[in-house]
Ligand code: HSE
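Before any questions on binding or motion, here is one chain by itself as structure tokens, the form predicted alone.
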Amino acid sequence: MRSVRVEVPATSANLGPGFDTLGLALDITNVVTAVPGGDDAVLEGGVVDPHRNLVCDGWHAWRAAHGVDLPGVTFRMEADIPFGKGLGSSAACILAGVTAAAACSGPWSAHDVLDVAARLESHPDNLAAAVMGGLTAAICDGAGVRALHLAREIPLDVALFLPDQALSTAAARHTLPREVPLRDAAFNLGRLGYLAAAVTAGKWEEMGIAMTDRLHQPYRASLVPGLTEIMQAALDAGAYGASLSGAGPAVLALAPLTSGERIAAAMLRAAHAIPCRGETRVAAVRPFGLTVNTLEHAPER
């Protein structure tokens, strides 16, 4: 077996109304290299147990799903996706392991990778965007994951405010009610359809109203100090739309090209006035998803 290098992008899910459905790929990536050797799948430098982590879980999930005999590997990871911030770090790790295993076991497809990864992460929004790139809509049904592009090329800056404090997806989901009023469900359905139409038509100025939400952001706001103020600061500074990124706590704003730094600075000022400490990043939409390369030789440490 040769070494396999997998690059997986960060993703932002939901974009307001698209709860567990919409995902946006960003040009922030984790790179995981699977180097052959040993008797098991091990993550080099594992903090607690190098054998138990999402990269290795993905590797084992592919083996179990397809009944293939995989060699032992050591995973080396160069991580640039912030952990626990709502940018799809868990999905990226799972996909790195699943994809590395797929590449080592013969012909594979993106659909197969999505289906296996979804067994470890039940909501497909981040997974689909990370595999396909651009802006995707995804659902799970009895046949597995179904995913389509809304757009590949999106000529916008993505301004991000990243609070210092991480937030687990489990904690963020725990705040959500088991039932919501019909009017709130109708509100989100309308915004989701309008968002899809705005993206398809390139009507970016319509994103502000399209990215509003009543299903999850109002409930998660208690876990993200200043969420409303930070989003409003982005809009006041010229962003087209703003939302919580995934389960949070990161806040995302879609902005005209070349305006990302200015809008990120406005978000930072609003956060510090709360006060909520953190940092900003400006990214672009990545039009393609994860990539896989086979290496002739193991990379140097």
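Note that the coordinates shown come from a computational prediction; the quantities given were computed from them, not determined experimentally. Numbers follow the displayed sequence, beginning with 1.
Although it is not shown, the form predicted together with this ligand is what the next lines describe.
Practice task
From the candidate stretches 71 to 79, 200 to 208, 122 to 130, 152 to 160, select the single one in contact with this ligand in the predicted bound form, where contact means a heavy atom within 4.5 Å.
Solution key: It is 122 to 130 that comes within 4.5 Å of the partner.
Practice task
Scan Q165, T228, T169, T175 and let me know which has any heavy atom within 4.5 Å of this ligand in the predicted bound form.
Solution key: Only one option qualifies, and that one is T169.
Handout entry: Contact label in the predicted bound form: R191 to this ligand, heavy atom within 4.5 Å
Key = No, R191 sits far enough from this ligand in the predicted bound form that none of its heavy atoms falls within 4.5 Å.
Practice task
Could you confirm whether A13 comes within 4.5 Å of this ligand in the predicted bound form, counting heavy atoms only?
Solution key: Yes - in the predicted bound form, heavy atoms of A13 and this ligand come within 4.5 Å of each other.
Exercise for the section: Could you confirm whether G246 comes within 4.5 Å of this ligand in the predicted bound form, counting heavy atoms only? Expected result: Output for G246 is yes: heavy atoms within 4.5 Å of this ligand.
Exercise for the section: Could you list which residues of 20 to 34 come within 4.5 Å of this ligand in the predicted bound form, counting heavy atoms only? Expected result: Result: D20 alone.
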